[in-house]
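We've got the same protein chain twice here, in two forms, each standing alone as structure tokens: structure 1 and structure 2.
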Structure 1
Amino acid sequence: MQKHSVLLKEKLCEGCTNCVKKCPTKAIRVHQGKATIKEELCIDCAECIRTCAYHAKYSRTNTFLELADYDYPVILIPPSFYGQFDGIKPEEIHRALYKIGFKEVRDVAVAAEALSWKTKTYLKDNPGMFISSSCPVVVRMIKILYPELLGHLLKLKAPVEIMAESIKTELREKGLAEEDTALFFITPCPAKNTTIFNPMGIEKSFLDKSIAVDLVYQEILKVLDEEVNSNDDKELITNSTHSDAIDRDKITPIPYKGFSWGQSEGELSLLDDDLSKRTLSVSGIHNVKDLLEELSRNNVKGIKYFELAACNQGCVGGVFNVANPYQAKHNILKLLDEGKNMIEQDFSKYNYDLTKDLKAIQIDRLDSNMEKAMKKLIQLEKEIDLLPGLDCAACGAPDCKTLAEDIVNGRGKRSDCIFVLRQQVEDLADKMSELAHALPPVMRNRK
């Protein structure tokens, strides 16, 4: 069963180790010039995709070809998606998606606004410090590296799952058969694609498919270009065989306030002023990891709520996006001026709560058998002392400690370290030199 969305094309790998050094969970090794990804440590953060100059790391999603498999496909737009466009209104994007073939176009920002209301209530009712659980990379990182912080994760679903569950209910109430419908999500990153087939905190995702932002972006531009070329948008709509699908009445109210969730600090901006003074937003996977390290040491005080996003500047920094994160954030901030209030809706209609506990992912770094693990721990300490401690990654492991773990577990050898190897060669050369100048006993002391 597939567990992750970050994939590897081994034949393209040049063994440069850049990905090894950037991976925040030390999930990548390079042996014999080729990278491998340790599945149990991967969190789908896509740092390796960003780093790899040879495109050996990649990710894929569903495509528009799969629309034909369903009578009633629905597409969900994440708030960050609007940041990809400069000067194109949300209504135009909705209309283009209807023309592409979706029967309904829905904004995740609607549920984001509702979740902001729920979060405010939750934080006021529960003492202690909490971490947003909306970024799946952050949640997975805590499950693997910082299980002591699991109790601080907000026990609420991500906006996209809240929205998807609500839409599924609506479709059933309309009498649509489940096999005829499908919810497609425009995903900005591999991690959100992964939550569809490997969810956290719920039994099963309410989403059915995902399509990467760049694929949807190109298709929308194609539709809009065709409209411009026609020079008669009105006539095009009237004569279109899909006229029922592009009825402007189908375009729902635009949740501008909820768009703020697409960029860093956006989730916090929708909390009350008195609460927002006790919050902190951090984006970028390595910044987030640094903060989690400090939280695990209890070195951060006075903060009630943390908004953490693995991608730089929030979801606008997702690897599937087209616009750079700074431009996309600017575009979203401009859109926020279009709406002064949240849209009117019944916040109580959503099911916010996670239905499963978020549990730690146990990684047996040495051995699952306690007795063997203790023996390996002693050997590990010896190996660490023998290695130079430079953490250069030239051995194919991210640092000397990890190489020592690989040696103890039989997945590496001491001579993988170039410095140890060089010392071994020097010792051998010295020995050979000594032997070369050695004389047999009968020739010694001859003057």
Structure 2
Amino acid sequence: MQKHSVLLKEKLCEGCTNCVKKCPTKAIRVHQGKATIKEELCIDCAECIRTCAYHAKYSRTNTFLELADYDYPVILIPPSFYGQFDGIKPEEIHRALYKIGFKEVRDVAVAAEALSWKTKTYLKDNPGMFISSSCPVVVRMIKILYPELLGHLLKLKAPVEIMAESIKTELREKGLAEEDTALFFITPCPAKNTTIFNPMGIEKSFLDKSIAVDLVYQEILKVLDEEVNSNDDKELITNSTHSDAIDRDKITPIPYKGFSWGQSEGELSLLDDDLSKRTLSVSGIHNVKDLLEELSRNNVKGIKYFELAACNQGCVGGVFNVANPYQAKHNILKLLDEGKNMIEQDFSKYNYDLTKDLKAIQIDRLDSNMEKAMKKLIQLEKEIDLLPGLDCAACGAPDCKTLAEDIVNGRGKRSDCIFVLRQQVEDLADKMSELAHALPPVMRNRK
């Protein structure tokens, strides 16, 4: 089974090792000149996609082609999506998506508003500190690198899953057959795409497909452009206003408040005063990693809740986005002024709770037997001492320490290090010259 969504176009990879060095879980090695990702370590943070100047790292989602396979396709918009547009109203975006062919256009921000309410009560009822589990990259990073913090993850679903489950129920109640419907999600990142086929904390995702933000963005602009053009053409005006009227009826109330979730400090802003003062918002995967390291040694004080997002500035920083994260954040902040209150809804209708435990993924262990692991650990220390400690990555591993680990685990060899190799060649050359001079006595002085 595929475990993650970040992939490599081998042809484009130059083996430069830039991504190898940037990867926060050290999941990448250059072997035979190509940057291969270790499945079990990839958390889909997309740092390698951002880093690679040759665009060799990429991620694929579904496309609009799949839309035709269903009688009743529904699309879910993440809050961050609205940050991609400047001056285009949320209603216009909904309308464009209806035109593209979706039977329902729904906002994840609706569930985000509900989840803000739930989070408040959860944090009041449960002693201890908690970490938001809405960014799947953060959850996976904790599972792999900080399993000791797993118990601190909020045992609540991400807004998109809460929303999707609730829509699925609605569709069933409407009498629609499961196979005729599909829930599409406009995904800002490879990680959300991964949760569809590799979910965490739930048995199965309630989403069916995802389409990357950039693809949807283009399509929406196309629809809106066509409208402008056809409006120039007088004859078509009646026609288009007619169909617009139908679409307008279907547009659900816009959950402006919930749009906050699309950017960093969004969750924080929807908690009440006392809680928001004890909430810390951190974004960017390396910042998040540093913070988790501090948390694991108990060195962050006075904080009850951590809103952590893998991407810079939150989901507006997701790698599939089109707008610059700061611009997108600004666009969202502007929209927040449009709605003074949350939309009216019954918060108790949602299923918030995770239904499965979040388990550690153990990858570091040198051996399942502690005594053997200890032997390997001692060997590892020796290997580290043998390497030059330059962390140049020419061996294809991110640093000398990691090459040493690969050697101990049988996945690398000392001569992968160019300095060790050079030394070996030099030693060999010395030996050869020594041998060349070591002629048998009878041969000496004979020319």
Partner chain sequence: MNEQEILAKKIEKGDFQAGGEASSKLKDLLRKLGVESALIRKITIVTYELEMNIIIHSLGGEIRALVSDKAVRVIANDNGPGIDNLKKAFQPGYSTASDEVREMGFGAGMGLNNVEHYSDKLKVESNADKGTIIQAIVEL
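Note that the rigid core is defined as the largest set of C-alphas that superpose within 1.5 Å between two forms. Numbering for residues begins at 1 and runs along the sequence of structure 1. Since this is a predicted model, take the numbers as computed values, not measurements.
Here the chain coming from the form predicted on its own is structure 1, while structure 2 comes from the other form. In a rigid-core overlay of the protein, Glu371 has its C-alpha displaced by at least 2 Å between structure 1 and structure 2. Comparing the forms between structure 1 and structure 2, the C-alpha position of Tyr58 differs by less than 2 angstroms, with the core used for superposition. The two forms, fitted on the rigid core, differ between structure 1 and structure 2 by less than 2 Å at the CA of Lys382. Taking the rigid core as reference, the CA displacement of Val420 between structure 1 and structure 2 comes to 2.9 Å. Core superposition places the Cα of His437 8.4 Å apart between structure 1 and structure 2.
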